[in-house]
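For reference, the chain that follows is the form predicted on its own, supplied as structure tokens.
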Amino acid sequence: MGNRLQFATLVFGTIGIASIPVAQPQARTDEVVVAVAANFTGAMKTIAAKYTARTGNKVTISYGSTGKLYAQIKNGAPFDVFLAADAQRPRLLEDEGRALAGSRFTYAIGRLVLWSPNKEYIDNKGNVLHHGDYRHLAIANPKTAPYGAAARDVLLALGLWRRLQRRLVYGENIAQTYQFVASGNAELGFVALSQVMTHEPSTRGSLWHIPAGLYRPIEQQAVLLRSGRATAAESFLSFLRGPEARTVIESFGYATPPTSSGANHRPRQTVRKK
């Protein structure tokens, strides 16, 4: 076990979430190692802390683009659970025999926004994309990041994909894409609503809530990997599906599927008032 966790820490840059004492600590604690799509960083930290407080189990997390995490899993990365930003990679892992059949489910439905930290920059219809004098527009890499693929869908739908090629700057994942905009290296960018929701309303800048019809639904699925330790991993996934985790997920700007939905259910992309 020690070698396993040392390998995850050194090679894949995992971030440990410290155990939180509970009123009646268990005599023995387990650990679950989770690969998490970068857009879900804020929500995952909160969920992991709540799970640890409830169970005493430790959660060790590795963040990255869904495509890169999928490649790491195929190359033997010691993860127990995969929280992707799409449904495609978890399904592939099932097909390849690397994930437990029947364990896959939708835990969140992502929402894409066009965002700038400048409060006056983006209007509520996204007209700045057509008429703005910006130099750089940030998007995540469409080949590895589902939010990047969604951004490409939007630009194609608006007839801007070819026209804006010289202005595009690509983040390795949605977290890096967000940093490009937050740091001012790009005036605006396509990011996850969940990232913007971490700010207080007065400091969120300006954004366009992109109509769902302009991009394919960002159905984020979780799956139990065959290399995972059943007790802690299954316990964590059960917690992720429960009401406490769902409340956290929705508070970060995601939609959630009906409680009865399974791996093959097509969830609705509803709009929550914030």
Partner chain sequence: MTVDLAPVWLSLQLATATTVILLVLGTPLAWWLARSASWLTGPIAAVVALPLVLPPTVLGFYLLVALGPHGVIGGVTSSLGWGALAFTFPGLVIGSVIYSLPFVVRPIQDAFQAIGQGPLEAAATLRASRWDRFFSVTLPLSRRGYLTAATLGFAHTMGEFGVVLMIGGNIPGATRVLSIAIYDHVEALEYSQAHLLAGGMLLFSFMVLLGLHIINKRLERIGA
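Residue numbers count along the first chain shown, from 1. Note that this is a predicted model, so its numbers are computed, not measured.
Only in words, not in the display: the form predicted in complex with its partner chain, which the text now covers.
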Inset, instruction - Check each of Arg226, Lys68, Arg246, Lys58 and return the one that places a heavy atom within 4.5 angstroms of its partner chain in the predicted complex. - result: Lys68
Legend entry - Partner-contacting position among Tyr170, Phe105, Tyr121, Tyr134 - heavy atom within 4.5 Å of its partner chain in the predicted complex: Tyr170
Inset, instruction - Pick the stretch from 80-88, 126-134, 197-205, 162-170 whose residues have a heavy atom within 4.5 Å of its partner chain in the predicted complex. - result: 162-170
Legend entry - Touches its partner chain in the predicted complex: Ser116 (any heavy atom, 4.5 Å): no
Inset, instruction - Determine whether any heavy atom of Ala186 comes within 4.5 Å of a heavy atom of its partner chain in the predicted complex, and answer yes or no. - result: yes
Legend entry - 4.5 Å heavy atom contact, Phe180 and its partner chain in the predicted complex: yes
Inset, instruction - Would you give me the residues of 109-147 that have any heavy atom within 4.5 Å of its partner chain in the predicted complex, in order from first to last? - result: Arg135, His136, Asn141, Lys143, Thr144
